[in-house]
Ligand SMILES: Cc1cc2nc3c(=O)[nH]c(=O)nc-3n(C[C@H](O)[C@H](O)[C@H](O)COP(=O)(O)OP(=O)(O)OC[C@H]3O[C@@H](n4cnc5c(N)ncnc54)[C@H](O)[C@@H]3O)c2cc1C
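As structure tokens, one chain now follows by itself in the form predicted alone.
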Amino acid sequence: MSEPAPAATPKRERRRVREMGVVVARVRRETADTTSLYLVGDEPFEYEAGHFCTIDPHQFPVLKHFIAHLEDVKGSREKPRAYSLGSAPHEDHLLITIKEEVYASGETPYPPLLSPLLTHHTPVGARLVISGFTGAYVIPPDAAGRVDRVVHVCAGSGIVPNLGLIKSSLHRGDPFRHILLFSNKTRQDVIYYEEFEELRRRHPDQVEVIHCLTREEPSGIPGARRGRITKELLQEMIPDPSRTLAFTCGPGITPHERKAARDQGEEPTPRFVENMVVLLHEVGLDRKQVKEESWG
């Protein structure tokens, strides 16, 4: 008698990306240059934790002339901007958190377009049109049978989708221990500090948070470290690479940096995400165990 066929890995249902109107129900300043917008809509949002939405800057009349100038200079139409979701599907709001981009003369080719408006000038009651939802930065449906530890390696606003991943996983009752290694310059730069403290208090056996501060001593922060995320710290947090899934999100090489390096016949200088991917491979995780997402 033949052996029964192995069960197929569950497949995710494909969702069509579509436009939808939303209203800003709450605005919360996270840091001096970062703001969270809590969005509600006329119908439930259907997405997976870790997904992102996009916002087209053309919908804002105040940007009309700035957009026209940039499109003349670039010779192309301005594209929608992508924003990761910090919310989880069981929550009744959609959360996006925007960090204001900056213009550095000689370093960045163009001034930021949409992030200053969303960060500093979007009030409660504002109506937006977003498109969503999509993205591969999600926990695989078969992960519970393969891993027991999920390590999140983040810097700055790269924390946003990982908050959603952790909240959703805890809500589902996944059998994972979530380890967050979160790199920032100072305590004042830490986004979602209180949310993660609350998750750690409520789920002490499933959530561990280690803040790594690069420009000040982390006094008064439980379990915090001074300095960058290192290979040694990753080895400490990943005792069994074969049972670990890693997510890393933060600054990555920008298209402008890639082009500039290519024009010089050089390789672009790795940034946070590229460096973390290398270290995660060095401590024993293979390509399929590491999910990455970058901004820049």
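Note that residue numbering follows the sequence shown and begins at 1. In this text the structure is predicted, and so the values were computed from the model without any measurement.
As for the form predicted in complex with the named molecule, it is not shown, yet the points below apply to it.
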property	result
Proximity of residue 83 to the named molecule in the predicted bound form, heavy atoms at 4.5 Å	yes
Close approach of residue 131 to the named molecule in the predicted bound form, 4.5 Å, heavy atom	no
Touches the named molecule in the predicted bound form: residue 97 (any heavy atom, 4.5 Å)	yes
Contact test in the predicted bound form: residue 221 vs the named molecule, heavy atoms, 4.5 Å	no
Interface stretch in the predicted bound form with the named molecule - options 143-151, 102-110, 121-129, 165-173, non-hydrogen atom within 4.5 Å	102-110
Sole residue of 90, 201, 215, 74 within 4.5 Å of the named molecule in the predicted bound form, by heavy atom	74
Residue among 190, 114, 139, 179 with a heavy atom within 4.5 Å of the named molecule in the predicted bound form	114
All of 183, 276 and 288 within 4.5 Å of the named molecule in the predicted bound form, heavy atom check	no
In the predicted bound form, residues of 160-192 near the named molecule [heavy atom within 4.5 Å]	160
